[in-house]
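Here we start with a single chain on its own, the form predicted on its own, put down as structure tokens.
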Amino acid sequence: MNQRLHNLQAWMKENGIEVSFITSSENVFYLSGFFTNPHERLLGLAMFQEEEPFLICPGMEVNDVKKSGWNHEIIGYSDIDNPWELVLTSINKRIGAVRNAAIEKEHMNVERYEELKSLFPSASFVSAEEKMRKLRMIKDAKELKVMEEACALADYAIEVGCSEIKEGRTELDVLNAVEYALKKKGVTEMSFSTMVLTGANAASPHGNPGNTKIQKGDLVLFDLGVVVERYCSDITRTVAYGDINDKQKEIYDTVLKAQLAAIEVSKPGATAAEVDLTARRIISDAGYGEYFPHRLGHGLGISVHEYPSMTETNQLVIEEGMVYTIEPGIYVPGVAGVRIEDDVFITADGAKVLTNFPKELQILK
């Protein structure tokens, strides 16, 4: 049994939980090494204090589970089977009546919860999310290596994007060139929908790329990420196409100062709140506080948005092995939108920046 399963098992024993039924694709992958998007079909991994775990999945994916390295029981079912009956039989065979169970309450929908409740009417259900978040929060050497590869590809994507900026080209023109270049590198999946936003559009933190043409004097914002072996990267860079005005330059310099300061304080013993507030105070002191409307960053790993949330109220203590983003931004409608984002890995000595495309203002001619 792998160490991740042992860690979950130890938590179950400490808390008197007889069975954990994990159903999100990301957490099933973390525990088993098998990833799938089952769509409307049931996917689940059942863990017990002593008994052998099992993984239930659509029958057409059983061979893929075996190839992933999972060496415990696999229960495959067809589209005319009732998978919940198989779950009930397999759990009863191991432990009989269930009194205390852990599920992913944020992931499981009401219909599936009611199904489980009908199978085990006497059971109490607690949340498995908090434990799974903490387990996934600390990355091991293998995870770090994969994430470094994903970050290197993200750096490459920004480089390609900058080379594609020309007057009259649209946001979608540049976006398509970036993703095509990545596909030629073997990338099959992005962490999220790639963003290329120019001029006024960049002042929308989550804008949608379209047919807006790039013009001289625009700031162009790239936000993208690459998936490698199920692990995500996430980078944002803002570059200038031609000369920009003094106000735009002031905004860029303020965001860069805030971002560098937040990286500097990111070390074991600091809190998420301290990291966020370090950047937020710099932006507020420069007069742009109201134009920084989001958290400083978020955890990163199998999901592009993971625990923890790097907010000014989160007193979580930073630990060695964490990976999170640092992405302050200033968005002034009609003037400029600037965000600078890096992925950092926390070492005993501080933050190791994994995304390395230059952050000094790039003025493209």
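So that there is no doubt, residue numbering starts at 1 and follows the sequence shown. The structure displayed is predicted, hence computed values, not measured ones. Under this definition, the rigid core comprises the largest set of C-alpha atoms superposing within 1.5 Å between the forms.
Just so you know, the form predicted in complex with another copy of the chain exists too; it's not on screen, but the next bit is about it.
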query: In the predicted bound form, the residue from E250, E179, E274, E149 that sits within 4.5 Å of another copy of the chain by heavy atoms; finding: E179
query: Contact residue in the predicted bound form, from Q215, S78, N109, N71 (heavy atom within 4.5 Å of another copy of the chain); finding: N109
query: Stretch in contact in the predicted bound form with another copy of the chain, which is absent here, among 109-117, 83-91, 284-292, 138-146 (heavy atoms within 4.5 Å); finding: 109-117
query: Any non-hydrogen atom of K166 within 4.5 angstroms of another copy of the chain in the predicted bound form; finding: no
query: Proximity of L153 to another copy of the chain in the predicted bound form, heavy atoms at 4.5 Å; finding: no
query: K183 within 4.5 Å of another copy of the chain in the predicted bound form, heavy atoms; finding: yes
query: K105 within 4.5 Å of another copy of the chain in the predicted bound form, heavy atoms; finding: yes
query: Sequence-ordered list of residues in 139-175 near another copy of the chain in the predicted bound form, where near means a heavy atom within 4.5 Å; finding: L175
query: After fitting the core, R112 CA displacement of 2 Å or more between the shown form and the other one; finding: yes
query: Residue shift check between the shown form and the other one, rigid core fit, I80 Cα at least 2 Å; finding: yes
